[in-house]
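Take a look at this single chain in structure tokens; it is the form predicted on its own.
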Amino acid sequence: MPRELSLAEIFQLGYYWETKILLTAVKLDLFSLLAEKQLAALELAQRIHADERALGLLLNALVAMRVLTKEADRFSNTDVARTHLVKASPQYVGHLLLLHDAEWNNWGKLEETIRTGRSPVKRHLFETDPELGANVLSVLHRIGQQSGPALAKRLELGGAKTLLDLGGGAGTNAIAFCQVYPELVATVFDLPQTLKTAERTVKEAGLEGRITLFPGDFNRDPLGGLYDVALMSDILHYQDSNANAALVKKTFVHLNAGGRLVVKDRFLDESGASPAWTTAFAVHILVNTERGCCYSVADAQGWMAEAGFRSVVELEQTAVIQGIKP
């Protein structure tokens, strides 16, 4: 049985201070200004047209948070900041943090959302700020390059010839699957503005001849021909239950007999109170999407069974579900 939280830990959970300090530093791009340099608060303040005293307080907090270091009155990046928070670094993740900062005001309306059941947003930030969306996709692509090949191998898709990566974003999974299975060709289906990023990543991977980019709205438009495998990776939590059930049925029609639907998402278990990270993510989806929701494994299995899939199984706990078209 897990131990109870202490009062100190309760207070720590309630403090959002450090979160906003870090997000503000990323938005001000302080880490890029420091790069390989050591600068005093006055020098940094002059460069970003900020108040020296106020900026000094922020910088000192970043030192205490172990993101910056300080010698005398001069500040510099730690190794982790230099690697992940400097824009020129190939491992920069700041765009993802900028997305979180852009959602800050939505979180401030959480109480209202809980009372009314209505999200404060009508359109996802990817739609309202396409440039930020493209940058976030690039970061997620870089992260996904580490996990995509392992997922492809675990699914054991030998013999499959065609893959539909539905809502495939930057094409990360399609690229990984094609690299693992040399005989596979893939179609990445997503919105036109999203596929601009996929076009670049597919070209960088040298897979233009094996990966087709198919622009459209998967809830409204045809999905193309028949496929041996359809992958839905992290798209269902952005939609309501009716839309997901309809999309699963639609995908069933576009699979060959014996074809597989693989759904990868952040599912809740039967209790709804686990996994811990997903329970918090469910609140994030509540406040930052108009109709999104985190669903249980049973929800997804129900959509698949209703659509006609057989042998519907949970391949990986609260993460990957598969169904076979008879």
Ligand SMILES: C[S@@+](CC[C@H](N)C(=O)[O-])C[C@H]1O[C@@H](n2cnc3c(N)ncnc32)[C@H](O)[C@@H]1O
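Owing to the predicted nature of the structure, the values given are computational and were not obtained by experimental measurement. Numbering starts at 1 and follows the sequence shown.
Keep in mind the form predicted together with the named molecule is missing from the figure; the text below concerns it.
Region of this chain that lies against the named molecule in the predicted bound form, out of 252-260, 204-212, 80-88, 230-238 [heavy atom, 4.5 Å]:
Of the stretches listed, the one contacting the partner is 230-238.
Is it the case that F126, G167 and D217 all touch the named molecule in the predicted bound form, with a non-hydrogen atom of each within 4.5 angstroms?
Looking in the predicted bound form, the three residues F126, G167 and D217 all sit within 4.5 Å of the named molecule (heavy atoms).
Contact residue in the predicted bound form, chosen from V248, L155, L137, C178 - any heavy atom within 4.5 Å of the named molecule
Looking at V248, L155, L137, C178 one by one, just L137 meets the 4.5 Å heavy-atom criterion.
Please pick, from A102, L191, V185, L132, the one residue with any non-hydrogen atom lying within 4.5 angstroms of the named molecule in the predicted bound form.
Contact with the named molecule in the predicted bound form is made by L191 alone.
In the predicted bound form, is there a heavy atom of the named molecule that lies within 4.5 Å of any heavy atom of N244, even though the partner is absent here?
No, no contact at 4.5 Å.
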